[in-house]
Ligand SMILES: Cc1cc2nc3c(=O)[nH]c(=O)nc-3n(C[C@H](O)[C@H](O)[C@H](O)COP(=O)(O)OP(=O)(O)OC[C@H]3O[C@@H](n4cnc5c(N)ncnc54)[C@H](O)[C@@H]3O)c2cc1C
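Heads up, the chain below is alone and in the form predicted on its own; it's given as structure tokens.
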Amino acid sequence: MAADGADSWTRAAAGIDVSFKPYEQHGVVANFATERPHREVACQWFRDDGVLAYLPLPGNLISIVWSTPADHAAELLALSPELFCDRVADAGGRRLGALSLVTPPAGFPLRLMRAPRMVAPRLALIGDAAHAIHPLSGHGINLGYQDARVLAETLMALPAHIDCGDLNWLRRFERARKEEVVALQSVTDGLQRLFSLPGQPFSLLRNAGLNFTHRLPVVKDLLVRYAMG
């Protein structure tokens, strides 16, 4: 099983070529201690300089992902720890008060990655080794968890006389995951393009769409249920 990321060495060694679509953005990540409790609530801001997410960790700790143009990411990474904390706190409206850096910030390029197949003889790809999406939806980790679950179920259903690395059997796992992976990659890619459009008219349209979704309990409940697996 290959779970070694979007630049998977295992996948390359198996001869599985993939296609990358760069977003011309970087994800800036870091962990912080917060002045105020986050109460296990994740927050996300769609800003002119990208998408900022606060993700709760145990205690008064959060992880952030700031998806932003490459030049702005370089600017953020060049800041002193104190200025970087202030910049992230200000960008989140000081929702959690002052922030203290726990881990140094790091950046990585954001790309859409599609693999033509998730399996080869004696090999299954899961997580970012099999598919990569923009982090704005927060569902990359959910896709990886579902890959692991379905692969485990596929192997547990294996008849005793069939080898666990049999390609025909592993293709059951691939078929079971294809629809969800393609759908979520397409939706997330579309959202990224929508939220990248500059100008107030597009901003008003996006906000209206999000507010409309918020007011539809059935749709909102379906989205929450999917996010929770």
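Sequential numbering from 1, following the sequence displayed. For clarity, every value in this text was computed on a predicted model and none was experimentally measured.
The form predicted in complex with this ligand exists for this protein as well; it is not shown, and the discussion that follows is about that form.
Q: For the interface check, one of 90-98, 150-158, 75-83, 133-141 should have non-hydrogen atoms within 4.5 Å of this ligand in the predicted bound form; which one?
A: Stretch with heavy atoms near the partner: 133-141.
Q: Even though this ligand is not shown here, does G50 get within 4.5 Å of it in the predicted bound form, heavy atoms only?
A: No, G50 sits far enough from this ligand in the predicted bound form that none of its heavy atoms falls within 4.5 Å.
Q: Does this ligand come within 4.5 Å of any heavy atom of A124 in the predicted bound form?
A: Close contact is absent here: in the predicted bound form, A124 is far from this ligand, nothing within 4.5 Å, heavy atoms only.
Q: Might L110 be said to contact this ligand in the predicted bound form, defining contact as any heavy atom within 4.5 Å?
A: Contact with this ligand, yes.
Q: Under a 4.5 Å heavy atom criterion, is V65 part of the interface with this ligand in the predicted bound form?
A: Although this ligand is absent here, V65 would touch it in the predicted bound form, with heavy atoms inside 4.5 Å.
Q: Looking at L184, L55, A70, A33, which is the one with a non-hydrogen atom within 4.5 Å of this ligand in the predicted bound form?
A: In short, L55.
Q: With this ligand taken in the predicted bound form, which residues across 25-58 come within 4.5 angstroms through any non-hydrogen atom?
A: In sequence order, G27, V29, L55 come within 4.5 Å of the partner.
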